[in-house]
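In the block that follows, a single chain appears as structure tokens, in the form predicted on its own.
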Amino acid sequence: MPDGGNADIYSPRKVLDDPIFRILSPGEKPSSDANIAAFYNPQHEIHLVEKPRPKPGPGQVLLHVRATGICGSDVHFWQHGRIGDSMIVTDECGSGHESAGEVVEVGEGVTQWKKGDRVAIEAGVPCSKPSCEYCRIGRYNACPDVVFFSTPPFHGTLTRWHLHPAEWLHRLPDSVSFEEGSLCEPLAVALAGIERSGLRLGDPTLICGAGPIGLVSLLSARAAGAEPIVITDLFQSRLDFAKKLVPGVRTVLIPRGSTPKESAAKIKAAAEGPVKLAIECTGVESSVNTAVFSTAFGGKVFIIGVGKNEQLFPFMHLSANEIDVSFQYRYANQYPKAIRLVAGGLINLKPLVTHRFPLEEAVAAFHVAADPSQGAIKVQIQD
């Protein structure tokens, strides 16, 4: 865990050691103003807790969180207790980082926000110190002392009352709902990928995976002018959803057990040739290999998805075809752009929310999000 600065200000011990903190009993009905939140723990339990309502200090804003989406990483932390070797659930930990809300109270020195302002919440808060090279050059997603709410040990934004630094909130226009503001977080992931991949007008593009990140990448690639776009998935229902979202997309169902070269042949047939850019959103080794074999000489495979720690890639095929492989870690400088695109009507996020739950039913929401048979694209918890 980072030392000092934001790490101390947002230390989880301040919540866990507070006498108000407790785990709610199943079926217990908390009061309407109680600061409840969805937490998981090392025993892979998901439950509601009650925690203290914070008071904003200098430079801070107290928010009423109005909408939060459940991310695949939230489900992964609950069910598996870790992502990689550095993000490990070691105690009760609050979930959620795709959130939007309303300003309730501001702390000393905060002049840009007032009660009632509507905001999207950027969950990754870097140190912002001049001594931090990554913060200084604007690549703050690499800040070693970042506090990313919901990444252990720091508690997330899936709560009623959340304390946040004023500088890391983004104003929502009246035309953008809390629901859409919450979806700006996964959109920021996709936009970072589009920007760093170098996608240009008319580039034949492949998107691997029609989950939430794949679908916002689809919307972003279409807005950026990719043509044609092919999207793949293991489930026909998700491809049907993608087709409704972007009618011009070409869909390819990947049969279980097919080889990457067999899948790539189907993709190239759908695209009428190899693609210039493949945006890989699953992190699954076979899908990454499929992307490689689908890409033209001199093209790029851009990997957004996260997967197992070590994977095998077709090294000599990449080399002999001058295919670049790039990766992405979270995002930086994307929220203002995301909000502009949504407000301007270039990207419509509304269809992505398929299931909605009140905060008091957050545990049930997690079970729906974790069950593929439920057909959820994005589950949101609203308050």
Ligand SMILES: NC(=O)c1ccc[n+]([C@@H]2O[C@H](COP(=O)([O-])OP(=O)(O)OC[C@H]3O[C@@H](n4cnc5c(N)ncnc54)[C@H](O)[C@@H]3O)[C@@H](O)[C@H]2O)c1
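Throughout, we count residues from 1 along the sequence that is shown. These numbers were taken from a predicted model, which means no experiment stands behind them.
There is also a form predicted together with the ligand; it is not shown, and the following applies to it.
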Discussion item. Can you tell me whether the pocket in this form is open or blocked when the ligand is overlaid from where it sits in the predicted complex, based on ligand atoms within 2.4 Å of backbone or C-beta (3 or more = blocked)?
Written reply: open
Worksheet item: Which pick from L191, I229, L183, A210 sits with a heavy atom within 4.5 Å of the ligand in the predicted complex?
Response: A210
Worksheet item: Looking at K268, R160, K276, R238, which has any heavy atom no more than 4.5 Å from the ligand in the predicted complex?
Response: R238
Item to complete: Given that the partner is absent here, state which listed stretch (303-311, 131-139, 163-171, 108-116) has heavy atoms within 4.5 Å of the ligand in the predicted complex.
Response: 303-311
Worksheet item: So, in the predicted complex, is S197 in contact with the ligand at a 4.5 angstroms heavy atom limit?
Response: no
Discussion item. Even though the partner isn't displayed, in the predicted complex is G72 close enough to the ligand, meaning a heavy atom within 4.5 Å?
Written reply: yes
Worksheet item: Counting only non-hydrogen atoms and a 4.5 angstroms cut-off, does H47 reach the ligand in the predicted complex?
Response: no
Discussion item. Check N35 for me: does it contact the ligand in the predicted complex (non-hydrogen atoms, 4.5 angstroms)?
Written reply: no
Worksheet item: in the predicted complex, do L349, P351 and Q380 all put a heavy atom within 4.5 Å of the ligand?
Response: no
Response to the item:
Contacts from 326-348 to the ligand in the predicted complex (any heavy atom within 4.5 Å), listed N to C, are Q328, Y329, R330
